[in-house]
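First, one chain by itself in structure tokens, the form predicted on its own.
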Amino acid sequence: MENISASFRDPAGYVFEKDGGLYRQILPYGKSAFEQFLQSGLAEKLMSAGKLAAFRLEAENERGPVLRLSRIPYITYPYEWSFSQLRDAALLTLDVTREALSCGMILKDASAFNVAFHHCRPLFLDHTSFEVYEEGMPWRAYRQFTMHFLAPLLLMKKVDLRCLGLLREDIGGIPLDLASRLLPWHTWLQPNPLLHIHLHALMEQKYSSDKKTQTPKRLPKKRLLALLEVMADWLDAMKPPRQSTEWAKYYSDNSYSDESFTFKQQAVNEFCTKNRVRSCIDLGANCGIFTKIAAEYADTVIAADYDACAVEALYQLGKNEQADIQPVLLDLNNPSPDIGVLNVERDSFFKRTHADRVLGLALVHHLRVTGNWSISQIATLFDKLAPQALIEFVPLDDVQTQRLTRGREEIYQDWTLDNFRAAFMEKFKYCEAKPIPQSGRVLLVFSK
């Protein structure tokens, strides 16, 4: 039995793996609330609606019930999401809270880490986040909800999409006083930012310096439901910011002719049709043209890009295609690390990510030139991820590579097809080269 390190904080239960299965142990502290969760019909209601990760009662031991959990193929974290993913996760959290109230319960925490994505739909994961509701009790999870959802969404909307990275710096959420200082002055004139961020931050500062114990004010259920409704309407109307980025229109400004681009699409299709796989990784997926092809022949496609607008497009693609595309906001020069308590609470990108095949199209020259990676390091990257790889080699004289080198070509004289292939053949056993017509680029198929 191996405990999942991310679940240690909850006194009501913990998650563990055993013999390939995923389980949740309910502890005595959370047993009565969990029984109410079942008896009220809330669990079945949420699972039937596709809002809660499925489970079944597996056994009962001296500590409490043991649940057998359905396994999500791939887990991403909030700091790797698009704007719309974080917003949809927030809307799900509010929806689950309202459903719980209708069954005499309420969410006791509202962490963004309680949500995962499957087939580009948010799914609530924590079966022990529910407690019995008593008339007039405040929503204890409100502060956490503002720090995990409202603050980062407002900062992404009003300041810059890159503010999402603050969630990686503090997995407890963005502090409200920091969010209040970073938001532009005009948000003080807008009702929702004023109430949920600015005034909330001022109240926190006031009471943190007050030595007297503060008694929580009663909040009638009717007013609580109204608050949840107002926040849901506000978030539902909140659209991603129109932020132009370097890579958002990459495929409308590139060095491919129509013939070479068609050839590349056909080659990707041929590579993927060799066999259907459980998982595929598309590194530098951009807007998802090739991700869409890969998704036809894989149960799950992990589509990674460091451009926030591209990750937004990938999320919308997965929703429209109803495919299990898992967008990941990822900078390979600084990938998601092991973080949290003892650096084991949230796993790094590379600990979580292994697949049957990997695509690296129009990517590796960026790693070599912009990131100053060695060719050996690039080969190691693909070796770590999958046994089959399709990689596009872009030579030094390509117009896109020349834009990157900016007259410093002499530094990258090792960037040749022969050197590249030789480095990969130390990791892989088989190589096939497919030159792209009307282009100096070459598609390379590596396999073990």
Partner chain sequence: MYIDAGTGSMMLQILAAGFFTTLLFFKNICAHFKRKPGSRKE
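Positions refer to the first chain, counted from 1. None of the values given here were measured: they were computed from a predicted structure.
Form predicted in complex with its partner chain: not shown, discussed below.
The candidate spot formed by 1, 170 and 338 is out of contact with its partner chain in the predicted bound form: none of the three has a heavy atom within 4.5 Å. In the predicted bound form, at least one heavy atom of residue 9 sits within 4.5 Å of its partner chain.
When its partner chain is considered in the predicted bound form, residue 186 lies well away from it, no heavy atom lying within 4.5 Å. Not displayed here, its partner chain is kept clear of residue 157 by more than 4.5 Å at the level of heavy atoms in the predicted bound form. Contact check for residue 138: a non-hydrogen atom falls within 4.5 Å of its partner chain in the predicted bound form. This chain appears without its partner; in the predicted bound form, the one residue of 142, 77, 349, 263 with a heavy atom within 4.5 Å of its partner chain is 142. Residue in contact with its partner chain in the predicted bound form (any heavy atom within 4.5 Å), chosen from 292, 365, 357, 200: 200. Comment: 226-234 is the region of 80-88, 226-234, 325-333, 264-272 lying near its partner chain in the predicted bound form, near meaning a non-hydrogen atom within 4.5 Å. Looking at 183-207, the residues that come within 4.5 Å of its partner chain in the predicted bound form, counting any heavy atom, are 191, 192, 195, 196, 199, 200, 203, 204, 207.
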